[in-house]
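First, one chain by itself: the form predicted on its own, in structure tokens.
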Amino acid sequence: MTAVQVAAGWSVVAAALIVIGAAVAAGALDAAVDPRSRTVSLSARLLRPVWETSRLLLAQRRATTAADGLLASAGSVLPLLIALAMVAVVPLGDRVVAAPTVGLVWFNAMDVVLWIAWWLAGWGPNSVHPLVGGYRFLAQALAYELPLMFALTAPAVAAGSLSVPDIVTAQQQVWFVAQMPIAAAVFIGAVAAFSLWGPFAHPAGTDIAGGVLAEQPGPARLLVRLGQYALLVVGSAMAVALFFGGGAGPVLAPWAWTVIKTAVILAALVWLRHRIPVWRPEKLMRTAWLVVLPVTLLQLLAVSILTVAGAAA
């Protein structure tokens, strides 16, 4: 094994540890800002993830008739694995685990694989409530995926590249969020949607006993929760790279600016979770197809015209 291969291996390990550590921190922040815990001390709220982790690890295993254990287990572990696969193309300052020329396509492909993950989490237990949750996610995915794809296309068109580091470099003068705010908002909303977060948590709704989480045993549910937070972390970091200049900023090192910007977006997503009502899939789909998709296409058209005009000049 060459030194380059060893270094690449350690980069993968370091990226995974950073994502998992940030996911745990996001869970603690979520507990701290939860308005349902206002009567509890801040220290107790910050320690709640520890007690919740212990409870889930020791919880009695649930079993359903004729469940497909392999598919259910895959649905539990895949969200975390997909988040770790996504982070491979997300720059931390001027460093990135992998910089393929089609890094943006890789990120979007991993998002599509999430369709399989959440569907398996609903299908595998062979139970009504998880199955309903799985179908709800498919409806939700049909609503957010096309706007997300066009939102991802906008920075790629402006930078003239599908490489994430190239997109970051193209923002040296002006961050893309100033040129394409609609695309940035759509992307951040899609991050919440593929993480089953906030207004997009209907597939795991309380009205169906937790939906895709309803029949998950304790350790598996813990993995799913960790996967959700990891997806939020990676999605926030990708938003920084695509729309907020990556590691650009004064005084501090590029990696520090990436961390700060990611933390701000992540904190906003966590804070908004309990303050925006959950949208039903039919309402979400109607809004996505009749409002969000058209304005995202208009945003992409405007970016394309400005890019061509700038190249011609």
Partner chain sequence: MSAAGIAVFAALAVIAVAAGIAVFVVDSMARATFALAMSFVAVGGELVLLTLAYLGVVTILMMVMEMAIMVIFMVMFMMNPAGLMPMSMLHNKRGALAISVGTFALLAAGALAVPWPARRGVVPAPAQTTRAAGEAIMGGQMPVMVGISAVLFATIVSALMLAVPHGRYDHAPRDARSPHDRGLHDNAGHDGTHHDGTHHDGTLHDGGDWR
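Residue numbers count along the first chain shown, from 1. This is a predicted model, so every value here is computed, not measured.
Although not depicted, the form predicted in complex with the partner chain is the subject of the following passage.
Each of Thr101, Leu131 and Leu297 places at least one heavy atom within 4.5 Å of the partner chain in the predicted bound form.
Contact with the partner chain in the predicted bound form, judged by any heavy atom within 4.5 Å, is made by just one of Leu84, Leu120, Ala239, Val96: Leu120.
A single residue from the set Val77, Ala185, Ala170, Leu142 has any heavy atom within 4.5 angstroms of the partner chain in the predicted bound form; that residue is Leu142. Contact annotation: the partner chain lies within 4.5 Å of heavy atoms from the stretch 190-198 in the predicted bound form, the single such stretch among 239-247, 87-95, 174-182, 190-198.
The closest non-hydrogen atom of Ala220 lies beyond 4.5 Å of the partner chain in the predicted bound form.
Although the partner is absent here, Lys283 lies within 4.5 Å of the partner chain in the predicted bound form, judged by heavy atoms. For Ile276, a non-hydrogen atom is located within 4.5 Å of the partner chain in the predicted bound form, even though that partner is not displayed. At a distance threshold of 4.5 angstroms between non-hydrogen atoms, Asn108 is in contact with the partner chain in the predicted bound form. The partner is not shown here, and in the predicted bound form the stretch 81-98 never reaches within 4.5 angstroms of the partner chain through any heavy atom.
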